[in-house]
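Heads up, the chain below is alone and in the form predicted on its own; it's given as structure tokens.
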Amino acid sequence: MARILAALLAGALFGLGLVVSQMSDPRVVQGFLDIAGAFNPTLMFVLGGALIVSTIGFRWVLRQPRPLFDTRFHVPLSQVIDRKLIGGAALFGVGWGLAGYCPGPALVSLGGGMPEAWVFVPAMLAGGIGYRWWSRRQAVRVENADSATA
């Protein structure tokens, strides 16, 4: 129960931060990303603040023997930068620039009744499910090809 309450509190705090910083408003995000047009630099302070807090916070938290409500930390261990990572990051950036949403703000906007979010979130979920399906299918093909050559 404590784990669920902690997750609920963290999610609510994150959502509140997105609303206060206006990152849940796609027009503000697109204004920030439009460096050749009507550039809105206000999110620079949000990014700088997030960088400072996360740099200090991650250093402190990862020095702890384990999380408060779990047996181990769940952090990415791979440090490989490959085509898959770069392609995914590029696709994420293009989608963020076009729609003005990334997943967190889209969910906050969905809860706030923003009409664009009602289109974006189902499309985001369909894309994630579609990628997972395609990725598993590719893994099966590679596995079958490996077993055929062995």
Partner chain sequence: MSMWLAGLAGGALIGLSAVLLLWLNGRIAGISGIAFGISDTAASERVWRIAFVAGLLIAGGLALHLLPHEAPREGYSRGVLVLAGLLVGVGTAMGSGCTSGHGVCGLARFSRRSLAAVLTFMITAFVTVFVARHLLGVI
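Predicted model, so just to flag it, every value in this text is computed and none were measured. Residue numbers count along the first chain shown, from 1.
The same protein also exists as the form predicted in complex with the partner chain; that form is not shown, yet it is the one meant from here on.
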So in the predicted bound form, does L8 come within 4.5 Å of the partner chain, heavy atom to heavy atom? yes
Does the partner chain come within 4.5 Å of any heavy atom of A139 in the predicted bound form? no
I4 versus the partner chain, in the predicted bound form: is there a non-hydrogen atom within 4.5 Å? yes
Pull the contact list for 104 to 124: residues with a heavy atom within 4.5 Å of the partner chain in the predicted bound form, in sequence order. G104, L107, V108, S109, L110, G111, G112, M114, E116, V119, F120, A123, M124
